[in-house]
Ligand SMILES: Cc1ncc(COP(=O)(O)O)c(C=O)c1O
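Given next, in structure tokens, is a single chain: the form predicted on its own.
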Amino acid sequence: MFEWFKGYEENRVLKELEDLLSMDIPYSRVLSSMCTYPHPIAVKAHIKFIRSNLGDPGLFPGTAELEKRLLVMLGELFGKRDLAGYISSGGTEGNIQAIRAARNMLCTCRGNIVVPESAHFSFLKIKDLLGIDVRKAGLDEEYRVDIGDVERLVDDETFAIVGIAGTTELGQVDDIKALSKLAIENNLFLHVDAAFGGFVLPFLNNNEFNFRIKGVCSLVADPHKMGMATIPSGAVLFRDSKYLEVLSVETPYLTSSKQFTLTGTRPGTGVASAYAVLKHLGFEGMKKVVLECMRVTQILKEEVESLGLEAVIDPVMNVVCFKCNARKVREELMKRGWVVSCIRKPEAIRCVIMPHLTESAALEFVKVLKNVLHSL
């Protein structure tokens, strides 16, 4: 008989859950994650909509209406009020769906796409899932995609090119305007991965990555990152509804006749939490959060550079990397309860300054880093 067959008292189950949760590292000492503690109103909204399933929207018309309202808000944020799309599980799903839509528009199972060398590893999954060739263009001296190399890699079987607005490693932003020009000239689908940058750049008065640029066909942005929504909450957005139509399959036993999402069951919690944060904070409130992260990022950069480490690039967003013996430094920081990640080109430790990392916490981290450097 299985150990759990007869069940346990609620308190015993909850105690076990609490013990396991206590093993997780608190965000307050994490500088490697692009996620953060959800905003308090996001948690409240999540709980209210915890039973909703947007995979069967006819049963949850209020939640479906909420998604429509959120899409309008995202359209206003990203330069096209009447865009099409849906709230997904995050950037990986969004990238898959965008490239799948681009491929399906051509009614082909072959072809290739060109992505930057800095593209997220989700494009490796896309290569495997869709059976297409994913070509990687090199980067320039500022770690942005080399437009000339993209142009060199484009051929008659290329159907899409990709730009990144907030690279995972450095937070760098590709020249989306130049990619747009190339896409228009070659009749290519242009997808922008703004999973991280989507909820940072507009609040830094940078809109040179979104639907305001004519050639951009699709864009992903994750509310569960700097949007402080609960996990999971992503957005995959298209300039035109025709891209959703080529993703649709018939769903005869649901309340809707067709479904264009990747997953079937789809929680309404991500919709509710993202909507609640944006509605509560507004543009100015979100801007205040982003600017505070940028302020702490600059403080961290200056303090770490005073220890003798060089920043790879000046921070474009709230991400900063420092050249060093990264794996050894990361290992020693981990022993002291602090978590950073590593990048390989160039070798450096990577710090993401999310809302949970206050100025005092950043300064505490610098003290620990100083001790680590002296011990090596």
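The first residue of the shown sequence is 1; numbering continues from there. Because the structure is predicted, anything quoted here is derived from the model rather than measured.
Form predicted together with the named molecule: not shown, discussed below.
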item	value
Contact residue in the predicted complex, from Q259, T168, S180, N112 (heavy atom within 4.5 Å of the named molecule)	T168
Contact residue in the predicted complex, from G215, G90, P202, G79 (heavy atom within 4.5 Å of the named molecule)	G90
Partner-facing stretch of 288-296, 154-162, 249-257, 190-198, counted where any non-hydrogen atom is within 4.5 angstroms of the named molecule in the predicted complex	190-198
is_contact(R266, the named molecule) in the predicted complex, heavy atom dist at most 4.5 Å	no
The named molecule contact at N210 in the predicted complex, heavy atom, 4.5 Å	no
R144 within 4.5 Å of the named molecule in the predicted complex, heavy atoms	no
Exercise: R100 in contact with the named molecule in the predicted complex, heavy atom 4.5 Å	no
Residues in 202-222 with any heavy atom within 4.5 Å of the named molecule in the predicted complex	D222
